[in-house]
Every structure is written in C-alpha cells, then in structure tokens.
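Below you will find one chain, with nothing else, as structure tokens; this is the form predicted alone, and questions on how it binds or moves follow later.
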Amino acid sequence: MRPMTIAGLAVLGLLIVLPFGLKGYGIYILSLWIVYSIAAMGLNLTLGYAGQVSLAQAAFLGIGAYTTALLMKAGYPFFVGFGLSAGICFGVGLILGYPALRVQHHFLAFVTLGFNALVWLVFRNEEWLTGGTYGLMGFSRPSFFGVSTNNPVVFYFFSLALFLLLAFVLWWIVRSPWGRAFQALRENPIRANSLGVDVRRMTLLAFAIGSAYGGMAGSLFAPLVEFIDPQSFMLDTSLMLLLMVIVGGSGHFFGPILGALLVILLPEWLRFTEGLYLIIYASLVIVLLAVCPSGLLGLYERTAAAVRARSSDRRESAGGSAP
C-alpha cells in the first residue's frame, strides 16, 4: 500500500477514536475542522486542480448556512436545506465562472473578491431575510430516525460521515476524465484546447462544483454553531480557506484537509502562550511557505523524491562496483 493510503487509514481510525477522549469544546473544534475541510476541498478543486483563483468561498459558505438555517426554521428537514444549498451554490458558481472566461489570475481574484463583498452586504443589510447584524438563531441540530444529533459526539460522527461521502465523490471526480481536463486547464489552457478539452465548459464546471462544496459546508456549519451572522462570512474567512489550501498543498487531494487541520488546530494548541499565540502562529506559517511554497504535501513529495533518488544512486553505485 502507498504511504499516503496507510496514513489516511491511520488518520481515519484516529478520528473515530479521538472524540471519546475529548470534552465538548474539543469535539466542537474537530467538527469545525470537518466543515472547513469540505469548503477547502471545493476551493482546491477550483484553484489547485483547475487553476482558477477564487476569493469567494466564504460567500458560498454563507449562502449554504443561511439557506439551511431559514429552511430549518420553517420546519423543513436538514437534508432539504443541504440539497438546496448545493444546488443554489452550483448555479451561482456557474454564473461566477463566466468572468474566468475573460480574466485570469489577480484580475479574477478581484472579481471574486467583489462578489464576496456583495454577498456579505446582502447578509448584513437584508434584515427581513437574514436578520442583519443580529443574525439567525432558533434552529436546532437535525434528528434522523428518532436519533438526535444534539449530542456533540453524535453530530461529530454525522459530520464525519458526510465528509467521507463528499471526499469520495471528489476523489472520483479528480480521477475521472473531468479531473484530467481540470489539470490540463491549469497547466496550459491553450494546449488543453488544442487537445480537445472544452475550456469554457471545464472552467464553468470547476467553479460550479467548488462552489457547491462551499454551500454544503455552510449547510453543516449552521447546525454546528446554531447561530449565524454576517461576520462569519467576511473576506477573512475566504483568505483563511485559501490559506488552508496553500499550506496543505494546492493541487493535492489531501492538501486542504491537512491545511485545515493546521489552520484550525494550531492556534488552539498555542493558546498556552497567551497573547503570543497569534504571533507564533503567523510566524510558523510564513516560515513554512518560505521554505516550501508548494505546501506540506509538496514538501513531503520533494523529500520522498530525494530519498528515492539517493537510494537509486546507491544501488547503481553498488552494481557498478560489483565484480
């Protein structure tokens, strides 16, 4: 088995056992990591695989959260809001992908930044729908077949099950012809077009699927915190999701998951330093990106390649010196 597969199975076993040794706040942080991992996986598809810069993932997180919260307040089951959040964000992401057909790189980043600001203003100002700065509350965690997820451990395993399902779907996508087309689009759109890739369709699809993952993450975020307000979906959340993708390893399947683990948990581990923990956290991120711009998994691949090359040289040297 490949080392990454073994590591993934070991981590999955740890995630199953870990909540039983934690208190309420620790389980909440793990659940929050799952939610942000789903949103970061969607951004990784758009940015890491298709090469389209987006600073609007927080907007889709918010659309999913508000859609689910409003429907649950109206008495609809959670999965109605979950499915509708995915559908709305897929459609909006499809529309947002059109500017990517004309502008690229930092110009596209400004377009998506403007969209994020627009959505945030709607959340803040349309009090009749979103509650404005007072936010929305009065909705509880879902129940299934008579089993309530109000217990933090039960909700954690519910979130983990959805996370694994969505991760499997994304794994299938990136290994399908669509995934190969996304990567060709990232490397060289002109060459991809000459090889028969429909650049227009693939660009729109990358935005739409990545946005849908943001919406589904928001749908889980709403019952997790049981209160949502516009402050949770500002630009700093989009930048945090972007940091998760880059730190973990953009274009690597497990990159955003590892990046979310670092971005969410590292500040909690550093709280014993009191007022210094944010300075230490920021310094560690800067050092990591300076040493390895391709992220943690990029550093792992470079190290593994160096070890393999050294082993190959040793075998060749041993073979050449044999009588």
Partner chain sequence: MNSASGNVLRVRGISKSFGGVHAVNDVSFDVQEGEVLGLIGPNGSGKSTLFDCILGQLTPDTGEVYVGGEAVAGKRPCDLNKLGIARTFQMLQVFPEMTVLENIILAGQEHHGGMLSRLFGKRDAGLTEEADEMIAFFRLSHLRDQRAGSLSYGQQKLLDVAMAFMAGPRLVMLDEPAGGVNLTMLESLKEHLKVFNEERGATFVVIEHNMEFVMALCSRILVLSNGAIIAEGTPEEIRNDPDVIEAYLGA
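Positions refer to the first chain, counted from 1. This is a predicted model, so every value here is computed, not measured.
The form predicted together with its partner chain exists for this protein as well; it is not shown, and the discussion that follows is about that form.
Considering its partner chain in the model of the complex, the lone stretch of 150-158, 89-97, 195-203, 136-144 in range is 195-203 [heavy atom distance within 4.5 Å]. Note on the partner interface in the model of the complex: the residue among Glu187, Glu127, Asp236, Glu226 having a heavy atom within 4.5 angstroms of its partner chain is Glu187. Between its partner chain and the residues Ile173, Val80, Ala208, Ala167, the one pair within 4.5 Å by heavy atoms in the model of the complex involves Ile173. A residue is said to contact a partner when one of its heavy atoms sits within 4.5 Å of a partner heavy atom; Arg191 meets this definition for its partner chain in the model of the complex. Contact annotation for Gln183: at least one heavy atom lies within 4.5 Å of its partner chain in the model of the complex.
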